[in-house]
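Below you'll find only one chain, the form predicted on its own, shown as structure tokens.
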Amino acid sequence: MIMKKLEEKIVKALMIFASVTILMVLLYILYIIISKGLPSLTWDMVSKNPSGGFYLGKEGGILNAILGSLMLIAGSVAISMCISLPIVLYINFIRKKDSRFSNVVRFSFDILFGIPSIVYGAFGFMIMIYFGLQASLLGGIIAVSLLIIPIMTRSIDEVAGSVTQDMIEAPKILGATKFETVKVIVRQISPGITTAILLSVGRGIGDAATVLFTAGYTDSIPVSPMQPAATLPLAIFFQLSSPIEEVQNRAYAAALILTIIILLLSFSTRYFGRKMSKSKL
């Protein structure tokens, strides 16, 4: 009995230590970004495209990278959702959850989940070369979609696996069609879908390796999917590579902007997710 209490206290202490450590690391990262980036954050930086010599300390901004990142992640999430959600519904509610086929699909996505992002970038670049395409917004969207599809699929699958058989059979008993039953299930797992979108957005919008060869980089805002697109991670990378301190501080300001965008997207997604959850009651 004494040993069990001792083990419980040790585990509790380790959990508290781990939680505090993660919180302190997060706060330290935010402190660095805010302390170094906030003084360099100006209205011109978020409202103007880079002018000549911007990466050498001259005037301009990163509006092109901000809009490029938003367009890229919006297209990637839309494509990933159109692929991930049907796969999850099929392996959980059309076929048996524990069938060999469903398990093979899950195992495949687990493998894809662990592949480094640079591999997806290289794979996307290889496909673009094969079809004779240049670096473009469309290429970046496809590459990032490949990156986040495993994340989104497995995240939604974990929630879909918690849906009980009674919940699946109840709409059928009331005379609902298979399509109507799936709609009910999608509403039930909408919080899990929201979480999957948040994880995907956080991974996709902050990744530089995937878009390095596929989306390219430009000082202008793309008006066509076939044009190159700047992204915030690459803008941060290029500015941090500069030997000029002022440009490096702008990189921290760009990192602050990226953090704010992710927070805004997270809060808005959670808000709409909660509204969907309430509407299903």
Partner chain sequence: MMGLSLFSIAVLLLIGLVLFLYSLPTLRDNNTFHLFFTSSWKPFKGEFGFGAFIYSTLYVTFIAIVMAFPPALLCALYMSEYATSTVKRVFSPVIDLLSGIPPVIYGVWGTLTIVPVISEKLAPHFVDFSTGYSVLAGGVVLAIMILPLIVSILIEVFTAIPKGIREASLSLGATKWQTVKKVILKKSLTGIVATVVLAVSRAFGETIAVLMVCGNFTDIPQSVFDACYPLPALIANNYGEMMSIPGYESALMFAAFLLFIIIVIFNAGSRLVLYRIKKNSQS
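Numbering follows the first chain given and starts at 1. Each form is matched to the other, and the largest set of C-alpha atoms that superpose within 1.5 Å is called the rigid core. Note that the coordinates shown come from a computational prediction; the quantities given were computed from them, not determined experimentally.
Same protein, other form: the form predicted in complex with its partner chain, not shown, and the subject of what follows.
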From the candidate stretches 30-38, 66-74, 223-231, 43-51, select the single one in contact with its partner chain in the predicted bound form, where contact means a heavy atom within 4.5 Å. 30-38
Although its partner chain is absent from this view, report whether residue 161 comes within 4.5 Å of it in the predicted bound form, heavy atoms only. no
Contact flag, residue 132 vs its partner chain in the predicted bound form, heavy atom cut 4.5 Å: no
Against its partner chain in the predicted bound form, would residue 78 count as a contact residue? Criterion: heavy atoms within 4.5 Å. no
Can you work out whether residue 87 and its partner chain are in contact in the predicted bound form, taking contact to mean some heavy atom pair no more than 4.5 Å apart? yes
Does any residue in 85-108 get within 4.5 Å of its partner chain in the predicted bound form, counting heavy atoms only, and if so which ones? 86, 87, 89, 90, 91, 94, 95, 101, 104, 105, 106, 107, 108
State yes or no: after fitting on the rigid core, is the Cα displacement of residue 27 between this form and the one not shown at least 2 Å? yes
